[in-house]
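This text opens with one protein chain seen in two forms, each one given by itself as C-alpha cells under the names structure 1 and structure 2.
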Structure 1
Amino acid sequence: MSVDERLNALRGTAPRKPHNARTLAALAANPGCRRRTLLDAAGIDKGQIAQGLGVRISIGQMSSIAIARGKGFEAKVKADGCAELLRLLREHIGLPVAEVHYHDLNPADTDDRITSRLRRSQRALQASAESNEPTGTLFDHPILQLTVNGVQVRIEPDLIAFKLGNQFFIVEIKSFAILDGTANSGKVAGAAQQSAVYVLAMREMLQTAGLDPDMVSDQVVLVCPKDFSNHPVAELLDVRKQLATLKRQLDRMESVESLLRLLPPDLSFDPRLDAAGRPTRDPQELAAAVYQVTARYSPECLDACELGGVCRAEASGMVPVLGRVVREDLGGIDSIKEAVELATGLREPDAGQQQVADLLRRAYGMRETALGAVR
C-alpha cells in the first residue's frame, strides 16, 4: 500500500481536513509529537476524534461577535479596491505607491474549484514576477501551495500579495489592536508564523517556475486596528526567524513513511460518522487506536491542539501533566507516584535514579521540617 493509501485508510470515511496556514504554523507548537504529525498528515479532523472520545475541546473556538468584527475590519481595509490599504502602504510603510492594478483572485462563484483557482493564482503571480512593469499590483486572495512531508498542501490564505518593483510583499490583516505601537506578543507571533507559511509557499511557487524566490520579501505588512478604534494601522514585521523555523521543521519532520512503519497495518482512526455526522465508534476502541501513536504531551498542548484534552487524560498520573519545568526538575522520573514514593522513601531507587532520589528525599525532609515546625 502506498503512503497515501495508508493515510486514507487511517482516516477512514471521515472527510479529509487539509492543512492550512494555521495548522502549519501550529506545527511549531510541538514538532516532536508523532501523534499530531501523523493525524495532520492523514488529514484527520482532530476535533472530531476528541469529540468521539467524549473530550471537550477548548481551542479553535472564536466568539461569533469577534468574527463579525474581524470581517468588518477586513472589509473596511479592502473597500474600494483596497484604497485604505494603499494609503497605509504609502504613509505607514513608506512604499512609493502611486497607482496600482487590483487583481481579484477570489472565487468567481460557488462552483469555482480550488484547483482552477490555484492555477489562476499561479499564472497571475508568475506573469507579474516576470514583468518589469513599475506599477504596483495587488492580488486579493490568491491560492498557494506548499510541499509538506512530500505532499502538496494547498493553502487558502486570507491575504493580499502586493508587488512593487520586483518585490512581493505579503499583507496580513488581523483584528487585534496595535495600542501605542505595541500589540499582544502572542498574537503577533501567531501572525508572523502564518505569514512565514505564505512567504515560503510563494517562494516555492516562484522557484518551481524557475523564478527568483527572493522576490518575496521576508518583511511582511501587518495591518491591525489602531488603539481603541477600527481605523487601520500598518507595521512591517520581520519574519526571517519564523521562516527559518518553519523551513527546518519541514525539513526535519519525521517522515510519515517511517511513522507508518511503526504502526500495525490495520490501524484506523475512523470515527464512523452517522448520517448526521456524529461519531458512532466505540470510544474505548477509538482511544486504543489513538494511543497506538505516541504523543508528546505538555500542558501547552491544551491551547494549541484539539487533542490536548485527550492526551492529558492519557497522561494522567504521569509527570508531564504537571508541566515542562516539573518534568525537568524531576530529572527523568515519569510517574508521579514513583516520584512521591522516592521522595518519601517508600521506594528504593533504580540504578539511574539514585541522584534524583537523594535530592527528592532531602527536599521532602526539609519540607516536612519546615511545615512541621508551625503545624
Structure 2
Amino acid sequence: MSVDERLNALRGTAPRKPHNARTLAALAANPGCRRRTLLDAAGIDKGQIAQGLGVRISIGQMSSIAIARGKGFEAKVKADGCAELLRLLREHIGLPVAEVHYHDLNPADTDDRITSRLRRSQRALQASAESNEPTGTLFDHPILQLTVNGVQVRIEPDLIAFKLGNQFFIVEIKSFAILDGTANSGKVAGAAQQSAVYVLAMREMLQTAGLDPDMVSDQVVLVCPKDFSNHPVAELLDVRKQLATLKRQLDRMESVESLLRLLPPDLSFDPRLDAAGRPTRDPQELAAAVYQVTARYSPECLDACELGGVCRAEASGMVPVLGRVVREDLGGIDSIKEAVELATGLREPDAGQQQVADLLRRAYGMRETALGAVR
C-alpha cells in the first residue's frame, strides 16, 4: 500500500480537509508532534475528532459578522480587476506600477478539481517567471504545493501573487484593522507566519521548474482596513525571520512514511459521520485510535490546534502542561508529582536525573526562603 493509500485509509470515509497556511505554520511550530503530523498529512478534520471525543473547540471559530466583514473587505480590494489593490501598490508601497493584467486562476467556467487548478497555477506562474514582460500581473486564487514530511501538500491560499519585472510579491489580505498606524501584534505575527508558508511554497515551485527561487520576494504586501472604516491600506512585511524558522522546523520533522511504519495496519481515525456531519463512532474506540499516536503537548497548542483540549486532558499531571521551557529544563522527568518529590527530597534521583534534581532543589530552597521572608 502506498503512502497516499495508507493516509486515505487513516481518514476513512470522512472528506479530506486541505492544508492552509495557518495549519502548516502551526504544524511547523510544533515539529515533534507525531499526532498532528499524521492527522494533517491524511487531511483529517481535527475538529471532527475533538467533537467525536466530546471536547469543545474554539480554534477557527468566527462569528458570522466577522466572516461577512472579511469577505466584504476582500471583495472591495479585488473589485474591478483589483483596481483598489493597484492603487495601494502605487501609493502605499511605492511600486512603479503603470498598469497590470489580472489573471484569475480559478474561474468558475473551468475544471475546479484541485489537481487541475494546481497544474493551471504552475503553468501560469512558471510562464510569467520566464517572461520579460515589464507589465505587472496579478494572479488570483493560485494553488501552491509544499513538501512537508516527505509528502507533497497542496495549499489553497486566498491570496494574490503579484509579478512585477523579475520579482513576485505575495499579497495577503486580512480583515483586522490598522488603528492609528498600529495593528494587533499577534495578528500581524500570524499573518507573517502564514505568508512565509506561501513564499516558501512559491520558491519551491520555481526551483522545481529550474527557475530562480529568489524571484519570490521575502517582502510581503499586507492589506488591512484602516481604523474603523473599510478603507484599505497596505504595508510591507519582512518575513525573512519567519522563513528561516519555518525551513528549520520543517527539516526537523519526521517523514510521514517512517511514522506510518510504527502504526497498526488497520488503524483508522474515521469519525464515521452521519448525514448531518456529526461523528457517530464510539468515543472510547476513537480515543483509543487517537492515543496510539503520541502527541507533543504544550499550552500553546490550545490556541493553535483543535485537539489541544484532548491532548491537555491526556497530559494532565505531566510536565508538558507547564510549558515548553519547563519541559526542556526538566528533561527526563515525566510527571509533576515526580518533579515535586525530587524538589522536596522525598525521592532520590535516578541515573541521569542528578542535574535536574539539583536545579529543582535550589528552586525549592529559594521558594522557601522567599515565603519565610513574608511570613
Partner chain sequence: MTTPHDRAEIKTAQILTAFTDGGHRGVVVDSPPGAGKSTLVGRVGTEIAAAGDPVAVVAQTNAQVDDLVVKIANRLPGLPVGRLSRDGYQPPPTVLLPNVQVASRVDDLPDCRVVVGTAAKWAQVQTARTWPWAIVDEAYQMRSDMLLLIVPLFEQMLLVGDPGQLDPFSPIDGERWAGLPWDPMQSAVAVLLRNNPHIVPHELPVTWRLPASATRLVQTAFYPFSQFAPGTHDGERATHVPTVGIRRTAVDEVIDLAAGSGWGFLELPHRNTLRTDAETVAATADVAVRLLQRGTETRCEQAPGGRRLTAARIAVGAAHRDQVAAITRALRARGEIADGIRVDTANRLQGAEFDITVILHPLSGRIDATPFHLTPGRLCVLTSRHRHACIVVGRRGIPELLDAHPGTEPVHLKGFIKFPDGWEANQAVLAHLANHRVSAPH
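Take the two forms, find the largest set of C-alpha atoms that superpose within 1.5 Å, and that set is the rigid core. Since this is a predicted model, take the numbers as computed values, not measurements. For numbering, take structure 1's sequence and count from 1.
- In this comparison, the chain shown as structure 2 is the form predicted on its own.
- Annotation for Ala75: C-alpha shift under 2 angstroms between the two structures, rigid core superposed.
- Relative to the superposed core, Gly277 undergoes a Cα shift of 2 Å or more between the two structures.
- When two forms of a protein are overlaid on their rigid core, residues whose CA moves 2 Å or more are considered shifted, and Leu307 is not one of them between the two structures.
- Core superposition gives Leu260 a CA displacement of 2.4 Å between the two structures.
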